[in-house]
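Have a look below at one chain only, the form predicted alone, in structure tokens format.
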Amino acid sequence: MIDPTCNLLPEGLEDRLPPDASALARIERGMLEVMDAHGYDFVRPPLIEFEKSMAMRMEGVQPRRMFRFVDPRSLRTLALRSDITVQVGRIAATGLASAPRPLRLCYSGPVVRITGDTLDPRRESLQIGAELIGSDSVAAAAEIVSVAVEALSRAGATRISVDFTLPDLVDTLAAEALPLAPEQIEDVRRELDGKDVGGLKAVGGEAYLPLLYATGPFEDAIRRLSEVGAGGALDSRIEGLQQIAARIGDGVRLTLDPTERHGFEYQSWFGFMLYAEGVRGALGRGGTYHIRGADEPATGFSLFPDPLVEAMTVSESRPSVFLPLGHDVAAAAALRGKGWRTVAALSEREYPAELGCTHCLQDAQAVKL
């Protein structure tokens, strides 16, 4: 007797069956085509690397969230990647160190983590993204956000919204405009993260209270942010956000939460989250950062399209032509060359409709069933 538990998958892992697998493949192709059209060259780093290499490249990478094991060849600790961004940083700093900058790279592949979270218990996801290496300017940020939005649109996302944030806001203000003692900075960050007015006052961050109200629809929030008495310390940030918003245009809903830091552990002056109608949670995130080790500025984004497939009504109704026994091989090849999908019979006991076919090859023509 076969043990029924032999066919179980670990928690947080799943098979992608038709038509979801086809939809995800189509989404992946569409997103990569958008990035390629904007000049981003495709790279494919390995699934496994030395743990130390991944952990050292970027702040916020948490080894405890990665599957780790000892390499029997080198006796060093290996890890299954939980983020491809750090691998692209390694590629830029090593194999492509002498390539002209700015360097535009894109990627796609699975990432895994030891545990999921409350909103998303999935432990394996498809990560698709682009990195603009060598620049963290406003122009670079505007390009990256625009490409990310276009990629999501190509994938079928509707009513896309982008939420801007300023990850280094507290550090920028604490240096001079709204000074804080070194031991206060982390406390103020924590209370801003929690949107806790009382807590913020208790840790000596009363001057930072206006930041809690500079949130919401972009135009209103940016106006309130400009009213914060920071002695001009935020002028360049505000101007940069306005330029990025202008580049995106009117077809996307823009919001601002300048104090949001969750998920932006390694971003520098600019970060953003991507959402779409009917999809629970974020579809991606990005921003500016520095590649550790090389200390090179970069701007990029990562998209996680699995929830998009689940939120869409998947209808992969691509026409399929049934090829009976003894069919015209040249005619079938010609149909495939035009984009048709063909399904060849292997015996007399096969029926086109049962195999999902919409047409049958007759007299070298696709005849609708």
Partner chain sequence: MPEPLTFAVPKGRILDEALPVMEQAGVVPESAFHDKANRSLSFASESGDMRIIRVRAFDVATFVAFGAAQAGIVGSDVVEEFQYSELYAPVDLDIGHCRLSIAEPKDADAASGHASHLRIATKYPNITSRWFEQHGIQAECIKLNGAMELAPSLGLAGRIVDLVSTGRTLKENGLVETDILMPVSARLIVNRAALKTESRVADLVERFRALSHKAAA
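Residue numbers count along the first chain shown, from 1. We call the rigid core whatever largest set of C-alpha positions still superposes within 1.5 Å between the two forms. Bear in mind that the values here come from a model prediction, so they are computed numbers and not experimental data.
The protein also exists as the form predicted in complex with the partner chain; that form is not presented, and the subsequent description refers to it.
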Considering the partner chain in the predicted complex, find the one stretch among 81-89, 247-255, 292-300, 135-143 with heavy atoms no farther than 4.5 Å from it.
247-255
Are all three residues G194, G198 and Y275 in contact with the partner chain in the predicted complex, where contact means a non-hydrogen atom within 4.5 Å?
yes
Any non-hydrogen atom of R223 within 4.5 angstroms of the partner chain in the predicted complex:
no
My question is simply whether S98 lines the interface with the partner chain in the predicted complex - judged by any non-hydrogen atom within 4.5 Å.
no
Does the partner chain get within 4.5 angstroms of any non-hydrogen atom of D163 in the predicted complex?
yes
Please check if A181 has a heavy atom lying within 4.5 Å of any heavy atom of the partner chain in the predicted complex.
no
What is the one choice in A177, I114, L126, L212 with a heavy atom within 4.5 Å of the partner chain in the predicted complex?
L212
In the predicted complex, which residues of 100-130 put a heavy atom within 4.5 Å of the partner chain?
T118, L119
Cα displacement of D187 between this form and the one not shown reaching 2 Å, rigid core superposed:
yes
